[in-house]
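Before any questions on binding or motion, here is one chain by itself as structure tokens, the form predicted on its own.
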């Protein structure tokens, strides 16, 4: 079992002259998990989040980090807030400095980093969130999505173990929301434990490893998302709605479709259910190939020429760096979110695709495709694109 990083033991909290906001809540988060606290306004989500790094102290009960009770003296709070980073819903409340560099440098400077260390961690954090070169920009000139990324960079610069986000997609358009959730996936893939609060079940259901449904300061249900959201009684008690994919799978089950024990979490899962049901009347083409180009290998400038030689191949970019590199090299992208599943769907129709991604994310592509192949019994080939080799072969008159 993974190491428990955050834990609550029967915590309660009441605001002055108000009702009890948190009513005897207990839970634990394991290192590397993605957790969604889901509930309506007033459910206690924000109050609970602020307990994770000591901004709010429970009236009774105990919060623990790494199996040690959180202490509330100044030195202990400084340490816990370094290890549990909090990103507010409104970045304007978190960004305080006149330039992006100064804002991201605020935390490391207060931790006593020397000048060179501060420059290094700020550059790394800005690069990670896709804001390299924004150092001297005043925050008021940034878009809402860019401000959100500055706030995240300011937290990342202190290298926390846990990242906590209050309503992470609030104020963002659909494209900005997709980009931000993919950034959270990247951070999680790099080893961060991610906790979000949201009232959006369609956001939480496919994203989280575990969901905690909250209402009136109490946990209604805590489990993997298809179980937590799969019982309409619990969902109603939390004043939420059942995610569309779960509603659809329930209706298909009533119509005689065989629904697997693990309920569908994506369009790909739903297509697999439908195709299994009508398998006898379906004629499946040979699956296409998913090719992967590692943008950190320094060969991306060769992709446009390669695509001209291989017409019809659509391209997706997974991760902040890959999308930026694609924009710099003017590579048209068909997929920018949910890239692996969309490429699998296209492969099932017999078409080849290309995924641009960073070195750390290449393994994730293989893991997701392997998992699908294991579940479906369909073999889809994943190949790492070697553009140097392809170029040499073409010059020698060989087939790529």
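Since this is a predicted model, take the numbers as computed values, not measurements. Positions refer to the first chain, counted from 1.
One more form of this protein should be noted, the form predicted together with adenosine-5'-diphosphate, which is absent from this view; the next part is about it.
Peer 1: Heavy atom within 4.5 Å of adenosine-5'-diphosphate in the predicted complex: which of 361, 70, 43, 35 fits that? Just give me the one.
Peer 2: When adenosine-5'-diphosphate is considered in the predicted complex, the option within 4.5 Å is 43.
Peer 1: So, residue 47 and adenosine-5'-diphosphate: in the predicted complex, are they within 4.5 Å at any heavy atom pair?
Peer 2: Within the cut-off, so yes.
Peer 1: Under a 4.5 Å heavy atom criterion, is residue 19 part of the interface with adenosine-5'-diphosphate in the predicted complex?
Peer 2: Yes, residue 19 is a contact residue.
Peer 1: Have a look at 35-43, 62-70, 361-369, 338-346 and name the one stretch with heavy atoms inside 4.5 Å of adenosine-5'-diphosphate in the predicted complex.
Peer 2: So the stretch in question is 35-43.
Peer 1: Just give me the residues of 79-108, first to last, that have a heavy atom within 4.5 Å of adenosine-5'-diphosphate in the predicted complex.
Peer 2: The stretch 79-108, when checked against adenosine-5'-diphosphate in the predicted complex, contributes no residue at the 4.5 Å heavy-atom cut-off.
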